[in-house]
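Heads up, the chain below is alone and in the form predicted alone; it's given as structure tokens.
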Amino acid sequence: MNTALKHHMNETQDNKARAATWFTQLRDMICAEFEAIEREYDPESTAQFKRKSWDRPTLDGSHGGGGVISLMHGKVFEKVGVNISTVSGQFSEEFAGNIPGATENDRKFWASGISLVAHFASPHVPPFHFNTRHIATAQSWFGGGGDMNPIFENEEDTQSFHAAWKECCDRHDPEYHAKFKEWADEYFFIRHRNEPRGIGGIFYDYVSTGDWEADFAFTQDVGRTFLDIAPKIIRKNMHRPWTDEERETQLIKRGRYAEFNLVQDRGTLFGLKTGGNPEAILMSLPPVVKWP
């Protein structure tokens, strides 16, 4: 093996490790912040995240990686999951054709990421979804984003949420926000209902500018931005009272969320197609839903 190729391979492995470490660090920061919100709402609350590890099975018995599910039920968060995973293996022949860098002769992949879904007891606290990931085949890239799904839209919250993402994107590329906001609007649209899932946010994939450090810095900033804006909106709304009728509306709207994740969500499809843990993949589903 020549020196240049060996250096490239070592650099690639280091980058993978750095990305996986960041996703774990971000998980810890988010969990700590959400537990703090529970205690602020009720100083006597004992709500905390419970963690469960899982390993990815492989057909040949080799180590396929795994992940950790972190789940909390509280008085503010009716159900919130913050999952991390780092997995590797081979795509199926059928699925490989949909992935950049994967070919019939080389279907190997490596993927690491964090995924979060938060459903709240109050209909006035908007559900949040967030994820970021790093994937490597013969190519490598970053993807992810965050979106908000209010039961009753609050214009002030909508504006502050979008403003936070614009500031984040503008720090890295002035073209990012318009492109990734439009992508979110298109992606988080429930086609069989002909309606948006929420108010959007940003969604990006296949970010590989040729400058790995810059792409990684952007994905880190996306995580920090979510960690800043989501708790602000939660704290602003968590003490508002609600009615039985508003709760009923919430449960029906949650059904839309479940439909999208089961029918259209790419993360759900990727996880199930690559031997991921079904409990972790379906963590995103709401705890209580109604289809009247």
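Start at 1 with the first residue shown and count on from there. These figures come from a predicted structure and were not determined experimentally. Think of the rigid core as the biggest set of C-alphas that the two forms share within 1.5 Å after superposition.
Not on display, but discussed next: the form predicted together with a further copy of the same chain.
Though the partner is left out of this view, residue 228 does not reach within 4.5 Å of a further copy of the same chain in the model of the complex, counting heavy atoms only. a further copy of the same chain is not drawn, but in the model of the complex it has a heavy atom within 4.5 Å of residue 273. Interface membership of residue 259, defined by any non-hydrogen atom within 4.5 Å of a further copy of the same chain in the model of the complex, is confirmed.
Contact check for residue 36: every heavy atom lies farther than 4.5 Å from a further copy of the same chain in the model of the complex. Shown here without its partner, the chain carries 193, 278 and 288, all of which come within 4.5 Å of a further copy of the same chain in the model of the complex through at least one heavy atom.
Interface residue among 124, 177, 79, 172 relative to a further copy of the same chain in the model of the complex, by the heavy atom within 4.5 Å criterion: 79.
Stretch-level contact analysis of 237 to 245, 46 to 54, 259 to 267, 26 to 34 against a further copy of the same chain in the model of the complex, using heavy atoms and a 4.5 Å limit, identifies 259 to 267. Once the cores line up, the CA of residue 273 ends up 2 angstroms or more apart between the shown form and the other one.
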